[in-house]
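One chain follows as structure tokens, the form predicted on its own.
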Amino acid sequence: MVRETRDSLSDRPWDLVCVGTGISALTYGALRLREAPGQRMLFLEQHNVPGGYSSEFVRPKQGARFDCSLHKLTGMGETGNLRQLFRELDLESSVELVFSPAWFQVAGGVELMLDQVPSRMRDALCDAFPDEAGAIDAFLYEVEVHGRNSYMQFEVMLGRFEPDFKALRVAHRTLKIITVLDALRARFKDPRLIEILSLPAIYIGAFPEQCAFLYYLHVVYASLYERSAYMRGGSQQLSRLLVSQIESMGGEVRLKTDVEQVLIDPDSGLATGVRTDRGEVRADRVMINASPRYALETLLPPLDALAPHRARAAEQVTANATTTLYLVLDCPPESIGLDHAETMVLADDPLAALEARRQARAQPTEAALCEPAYWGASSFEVTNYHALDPSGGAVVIVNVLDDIRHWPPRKTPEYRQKKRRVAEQLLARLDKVRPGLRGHVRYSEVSSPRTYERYTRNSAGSGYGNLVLPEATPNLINHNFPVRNLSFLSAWISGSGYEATMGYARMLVRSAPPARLARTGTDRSF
């Protein structure tokens, strides 16, 4: 059981203390303790539940359970990276995977169901767009070759997979440097097909004009060829299982414990622990499962040696945040047209939406530009959780990509009014593609980027980490970091999604020896 009491955090130093209990931290802890049993590991969480974004909240009076982040786990087929990781963690027998037959259904202007089986997805697209059949085949070939090579990056780094190096060089020279939108426009003529194939960029927290095409191919490959699945019980179930494993192997997870600063000894240049609202914790090693920008600006002392890293973190572009509309219906969502787990609602006018977003990004604090661009004009995603797990209630969750900068501070009248406006706009758009749905809503609430910022401390409230831009270089914040016994976890390094973040944690465990660090090092990092 996760400890919530205010008993002492112990005067005895821990081998490792981790700031935050996001899914990367919990994965790292469970894997590391398997390889290094007996290590004293402590995981600190400011919230009252573990998991960071991988958590849920409940509304008992509504009979509803709302998941904060779990829409799909990619790589859950028999050979998928995440499925293999689940096996390593002995999670397979503890979870019930739900494989939806549909990758997603498309609504709004075009009604289409895209199957998770690539050949059937291809046939559905070719039936709808027969003049584009050749281009569709060429696109799927790129997914199979270049998407796969990119998908296997962790296996390559661990020396367990040898990619097609010729194809890899071509991909980095020609595909990594262009956006999804430019790539799709070069390959297809029909703007409706381009908009449909752009939709998976939402999984990366990006609009198609932002995201690198090569990373997008990786995500499409992971979803289609390595299969995606949902987990009954949602993301909180996954977090609880990992916490249970950590605690069964001697680790500890403390909730309601806010880390205020990472302590660094100026003489040795090593981290010595953390200061929390419950007192100081000494440790031989510190890991941070939070945004590097937040950590460098808030948790770490203003040392000159950290200035270059602080500057690098400040330059990085955060992925779009999410605004979420949580709904409870008075009937099964399937009965009013949400036939599958996931529905993507298309933009009415993709070109107008693109121009609206361009103007909104130019003036990101201007609500009069941002609200219509993000809420009214762009495509958005709807998840029917009832189809995945009826025990959670007749729950539907609507996600739009958004920007925190036009949201006023929480607990202000302006903030509450804005939440009402976004709910109204999204319900109106949803009712347009599924007439009558609005009349079945018996409860609703909104989580804004500020909500996510509050609970996760993520920069800009983004759950996706940094944008994977065509011109971006990998965010190797751990590389040459001057505090040798401090490192970072999470999506801010490896990309978005459970597969990327859990895979990164796995790679860190595999690539580092489990030996204890000396408590009094003589090497100075500063």
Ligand SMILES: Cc1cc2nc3c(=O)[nH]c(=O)nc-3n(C[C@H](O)[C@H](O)[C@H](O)COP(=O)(O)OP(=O)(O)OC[C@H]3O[C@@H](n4cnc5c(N)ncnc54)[C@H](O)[C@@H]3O)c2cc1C
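The first residue of the sequence shown is number 1, and the count goes up from there. Owing to the predicted nature of the structure, the values given are computational and were not obtained by experimental measurement.
The discussion below concerns the form predicted in complex with the ligand, not included here.
Site residues Lys176, Tyr216 and Asn466 are none of them in contact with the ligand in the model of the complex, judged by any heavy atom within 4.5 Å. Site annotation in the model of the complex: the residue of Phe161, Tyr455, Tyr443, Phe99 reaching within 4.5 Å of the ligand with a heavy atom is Tyr455. Ala290 is the sole member of Ala206, Ala290, Val286, Leu114 with a non-hydrogen atom within 4.5 Å of the ligand in the model of the complex. In the model of the complex, the ligand lies within 4.5 Å of some heavy atom of Val259.
Interface membership of Gly52, defined by any non-hydrogen atom within 4.5 Å of the ligand in the model of the complex, is confirmed. Taking non-hydrogen atoms only, Thr322 approaches the ligand to within 4.5 angstroms in the model of the complex. By the criterion of a heavy atom within 4.5 Å, Phe488 is excluded from the residues contacting the ligand in the model of the complex. Considering the ligand in the model of the complex, the lone stretch of 363-371, 67-75, 142-150, 408-416 in range is 67-75 [heavy atom distance within 4.5 Å]. Residues are counted as partner-facing when one of their heavy atoms sits within 4.5 Å of the ligand in the model of the complex; in 142-171 not one qualifies.
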